[in-house]
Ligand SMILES: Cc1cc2nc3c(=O)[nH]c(=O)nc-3n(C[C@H](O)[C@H](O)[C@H](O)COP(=O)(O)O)c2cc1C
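Below you will find one chain, with nothing else, as structure tokens; this is the form predicted on its own, and questions on how it binds or moves follow later.
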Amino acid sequence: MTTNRDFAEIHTLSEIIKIGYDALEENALTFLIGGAESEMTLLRNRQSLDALAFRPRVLREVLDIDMTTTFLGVDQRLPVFLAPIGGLTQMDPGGTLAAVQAGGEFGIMGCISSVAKPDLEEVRAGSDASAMFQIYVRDDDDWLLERLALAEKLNYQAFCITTDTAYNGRHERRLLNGSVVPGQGLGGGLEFQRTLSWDTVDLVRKNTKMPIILKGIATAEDAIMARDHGVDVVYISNHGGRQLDHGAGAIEVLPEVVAAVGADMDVIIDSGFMRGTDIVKAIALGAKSVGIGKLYCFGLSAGGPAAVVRMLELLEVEIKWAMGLLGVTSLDQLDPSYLRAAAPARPAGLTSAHPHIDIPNPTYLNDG
């Protein structure tokens, strides 16, 4: 982590990404920017966002723009949350606590992972900021219900069950550089993750009044199942391309899921979102809130919570400018009529959203 820097002097997200990139050790960087096998899903996350162009409306009064929203009953400064990341201590020693503190200072929610450090109790002891708790099931039903009861006791805003990690994604980039060995990944106990079913969802629903989120939904069919089993929020995610290779880009999945559940439940999304314009596109397609992962990890690496807060301030500027130039003054005015399909202007990759930064070895870029 880089310190002793005045982040108020930084005026672009690209600068924070560059500082954070340069500060990361190789293993941490490989974890952060890599994906599964051929990394096709990872590239499609970016490509599908780049393949959406705006349809702006003009001659509308846009003096005052409201970017706030309410999610899980909590007022949010932006329709953005900090997605759960397992390896945050590689970016900053404060790990999940640093992330939640940054989100709380700025005014958005974090989501902490059950395989991250510090754990949910230590995070709550260090911060009263709003946060969701995301769990990988690593033991039997009694263990799961104990975690559920603890999250409820500690006043987490929601209990988020990850649904798409019955098998760890095969991260060939990490296998090839020796930073992970076959079978290593999200901790032990994968056999329990492999036995998850809709009965598990029913068990959780029966034992809590907390909002339940299912993370990893990628089809309308499963979104409808989630609604029918009493789930409160559908979370579209492909782990940034780290799980199933050759999946669709996350935002490609969004329209069918929103159409399937309608106004019955909120839909949130992550995977590949790196700019304010990306956030606006997702809101226009019906997302309630958008998770950022790599972006705030680069912030943590660049300068801890202070850099994450500055990153969020700059993201807010980008969202405001995009909304103003589209001719809208509130999030609820955005809808699919503000988007059209378009050919991406450059190949997808780490810097396709931030082409002005000089990264010496972008690794998975396919533009040479």
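Keep in mind that what you see is a predicted model, and the values were worked out from it rather than measured. Residue positions are given as counts along the sequence shown, with the first one as 1.
Unshown form predicted together with the named molecule; subsequent notes refer to it.
- For the three residues 32, 85 and 115, a heavy atom within 4.5 Å of the named molecule turns up in the predicted complex in every case.
- This chain is displayed without the named molecule, yet in the predicted complex the stretch 292-300 from 292-300, 203-211, 70-78, 260-268 comes within 4.5 Å of it by heavy atoms.
- When you look in the predicted complex, the only residue of 249, 240, 103, 169 with a non-hydrogen atom within 4.5 Å of the named molecule is 240.
- Contact between residue 136 and the named molecule in the predicted complex is found at the 4.5 Å heavy atom cutoff.
- In the predicted complex, none of the heavy atoms of residue 95 sits within 4.5 Å of a heavy atom of the named molecule.
- Mapping the unseen interface onto this chain, residue 281 falls outside it, with no heavy atom inside 4.5 Å of the named molecule in the predicted complex.
- Not displayed here, the named molecule is approached by residue 162 to within 4.5 Å at the level of heavy atoms in the predicted complex.
- Taking the named molecule as it sits in the predicted complex, the stretch 198-220 comes within 4.5 angstroms of it through a non-hydrogen atom at just one residue, 215.
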